[in-house]
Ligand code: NAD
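Presented as structure tokens, the chain that follows is alone, the form predicted alone.
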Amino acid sequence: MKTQFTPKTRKVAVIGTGFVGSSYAFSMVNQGIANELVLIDMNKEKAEGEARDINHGMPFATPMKIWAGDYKDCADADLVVITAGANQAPGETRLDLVEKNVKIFECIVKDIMNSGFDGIILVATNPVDILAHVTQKVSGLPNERVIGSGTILDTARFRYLLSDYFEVDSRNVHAYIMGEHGDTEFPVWSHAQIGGVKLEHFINTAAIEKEPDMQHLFEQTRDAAYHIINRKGATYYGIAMGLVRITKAILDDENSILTVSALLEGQYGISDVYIGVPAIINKNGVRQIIELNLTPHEQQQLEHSASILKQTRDRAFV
């Protein structure tokens, strides 16, 4: 006798259809990761327009149900991705956005939870580390089921710039940016590798951070958003692809190691702060935070970054 097979829904709800939200939706369709994708925005017509535009390309893509909905559609979603909120303007830091976006997020998260949602929330809006913490507090969801995009994009930028400098495929460059997704982030030079070989062997010195070219490369990584915003007004393609990568790790139960914003509860000797760290991501969210053996200087940088985030968060949200 044949048993009946019920496929998993693989439903994702996107809150916000601005540059990041619409780019995420477009990337999701191109990679065919979900079965259902609902777009939610205060401007319902904008969400409807994005859904129609993407649906018209469906003959060229993997079948996926896409529509413009509202918060009640979050009820049975596996994942809610929040991209809504005020954008970073030229000359503005990510932390400058705190007051505006904390108030917006308190309303958004309450509306999500009022639908009966009980899945995973992925936060992309800046300042992402603080807003991930706000989301966890307001939602009441377990820590592991509220994730910020963290330094996934910074890490990708770092890997790309290293690959460009050393003329090696970026997929063979393994390196992390940790800390705040912002001005206090830092490179983990002690664990940077190319094809399994420590980076210090490629530049013939263990003092990588003192090398002018490497210093410049990290500064390009850290300040990339400012340069892009000054040139085109916003960044959205890179972060959208990063969000899709996290989504895939969740929906496919990959147990992939990605640099996301997760709540530290004693790891690295730090507690009660969401911050960018390598973590194992699967269908349950954050399975485990990876604790790298940092150098004393790197540990100090992480502690400094955590301190700045805590101070900013405590001023904006209690």
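Each residue number is its position in the shown sequence, starting from 1. This one's a predicted model, so the numbers in the text were calculated from it and none came from an experiment.
As for the form predicted in complex with the named molecule, it is not shown, yet the points below apply to it.
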| item | value |
| --- | --- |
| Heavy atom of residue 234 within 4.5 Å of the named molecule in the predicted complex | yes |
| Close approach of residue 247 to the named molecule in the predicted complex, 4.5 Å, heavy atom | no |
| 4.5 angstroms heavy atom contact with the named molecule in the predicted complex for residue 77 | no |
| Interface membership of residue 135, the named molecule in the predicted complex, 4.5 Å heavy atom rule | no |
| Non-hydrogen atom within 4.5 angstroms of the named molecule in the predicted complex for each of 15, 101 and 124 | yes |
| Heavy atom within 4.5 Å of the named molecule in the predicted complex - the one residue of 214, 224, 173, 97 that qualifies | 97 |
| Residue (of 43, 255, 30, 55) lying close to the named molecule in the predicted complex, criterion heavy atoms within 4.5 Å | 43 |
| Proximity to the named molecule in the predicted complex (heavy atom, within 4.5 Å), stretch among 135-143, 103-111, 197-205, 215-223 | 103-111 |
| Residues of stretch 135-153 in contact with the named molecule in the predicted complex (4.5 Å, non-hydrogen atom) | 149, 153 |
